[in-house]
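What follows is a single chain, given as C-alpha cells, in the form predicted on its own.
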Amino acid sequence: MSKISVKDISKRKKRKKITMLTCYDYAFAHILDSTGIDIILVGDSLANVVLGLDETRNVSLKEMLNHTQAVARATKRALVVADMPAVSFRKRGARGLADGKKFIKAGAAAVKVEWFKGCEPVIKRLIKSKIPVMGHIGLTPQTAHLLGGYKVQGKSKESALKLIKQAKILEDLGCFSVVLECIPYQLSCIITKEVRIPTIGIGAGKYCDGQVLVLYDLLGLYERIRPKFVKVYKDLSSEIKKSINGFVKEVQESRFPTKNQSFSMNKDQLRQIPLK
C-alpha cells in the first residue's frame, strides 16, 4: 500500500474515521505499520510509559528525536507524527522552528504542537517553513500544571467557547488536524462541525473524525495510571508476566535451554582441546 500523506489525512474529514496510536520503538512500529493504522504518533507520553518520568514536559528533545528515528525506520505506510517536547517552546518558542526541522530530519512527516499561551507565532513559522503541524487542545499534558491538573477541560460555557476559538485559530494557521483531549463529547461534536480540519479525539467521545490512544494503555502494559477513556483491548501485562515466570521456572529446573536452543561442536575438534 502507498504511504499515507498529510493530504490524505486532511481529506478524511467526514469520509472515513482516522486511527492513530502512539509508538516509541522500532519493534512496535513495525507491527503497527502492518495493521493498517493511519497515523503513528511518537508521543511525549514516552516520558511516562517508557522513561518513568512523572510529567511529559520533562522529556528531552534528544530522547524524542531518538525515538522518532527508531519509529521512522520501521514505518513504510503510516504517517509518522512526532510530539514536539515542552523544552522546544521555552523562552517564547525561540527553538520551535529549529527543533521542528530536526524532527523532519529524524523521519517524521509532521509534528504535533500542544496549545500554549503564545503558540500561534511558533506554529505559523513551522507551517510557513513547510513543516506540517497537528494541533492539540483541551487537556494539554505539557501545561497541565497551569490547567489545574489532569482534569476534563471545557465543561463550562466560558472554557468551551475558549476551546472552540482555539480550534478555529489552529485551522486558520494551517494545521492539518487537531487533537481534542479530555473534553465533553458534546463539545467535541460542536468543534468537529465548526472546523474544516479533522479532529482526533482522546477522551473526547465518538463524534470526532478519528481516535488516538496510547499503545501501552491499549495493551494493558502501563498500569501506573489508567484514565477513564482508555479501553484495554488485550491485557498483555499478565501474559508477559506469565511468560517470564515460565522462563524463570525452566531455567531453575534446567529445562531451558534444550539441545534445540543450543549449538554443537565437532567431536574431533572437541577432542583436541586439552583438559586438565
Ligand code: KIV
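Note that residue numbering follows the sequence shown and begins at 1. Remember, predicted model here, so these are calculated numbers, not experimental data.
Separately, the form predicted in complex with ligand KIV exists; it is not shown, and the next lines address it.
Asker: Even though ligand KIV is not shown here, does Glu181 get within 4.5 Å of it in the model of the complex, heavy atoms only?
Answerer: Glu181: yes, in contact with ligand KIV in the model of the complex.
Asker: Whether Leu41 contacts ligand KIV in the model of the complex should be assessed with a 4.5 Å heavy atom distance threshold; does it?
Answerer: Because a heavy atom of Leu41 falls inside 4.5 Å of ligand KIV in the model of the complex, the answer is yes.
Asker: Using the partner position in the model of the complex, report whether Ala74 sits within 4.5 Å of ligand KIV, counting heavy atoms only.
Answerer: So Ala74 does not count as contacting ligand KIV.
Asker: Can you check whether Ile37 is within 4.5 Å of ligand KIV in the model of the complex, heavy atom basis?
Answerer: Ile37: no, not in contact with ligand KIV in the model of the complex.
Asker: Choose one stretch from 173-181, 156-164, 102-110, 186-194: the one whose residues place a heavy atom within 4.5 angstroms of ligand KIV in the model of the complex.
Answerer: Single hit among the candidates: 173-181.
Asker: Only one of Val59, Cys208, Leu65, Val214 gets a heavy atom within 4.5 Å of ligand KIV in the model of the complex. Which one?
Answerer: By the 4.5 Å heavy-atom cutoff, the listed residue in contact is Val214.
Asker: Since exactly one of Val80, Ile131, Ile137, Ile202 fits, which has a heavy atom within 4.5 Å of ligand KIV in the model of the complex?
Answerer: So the residue touching ligand KIV in the model of the complex, by this definition, is Ile202.
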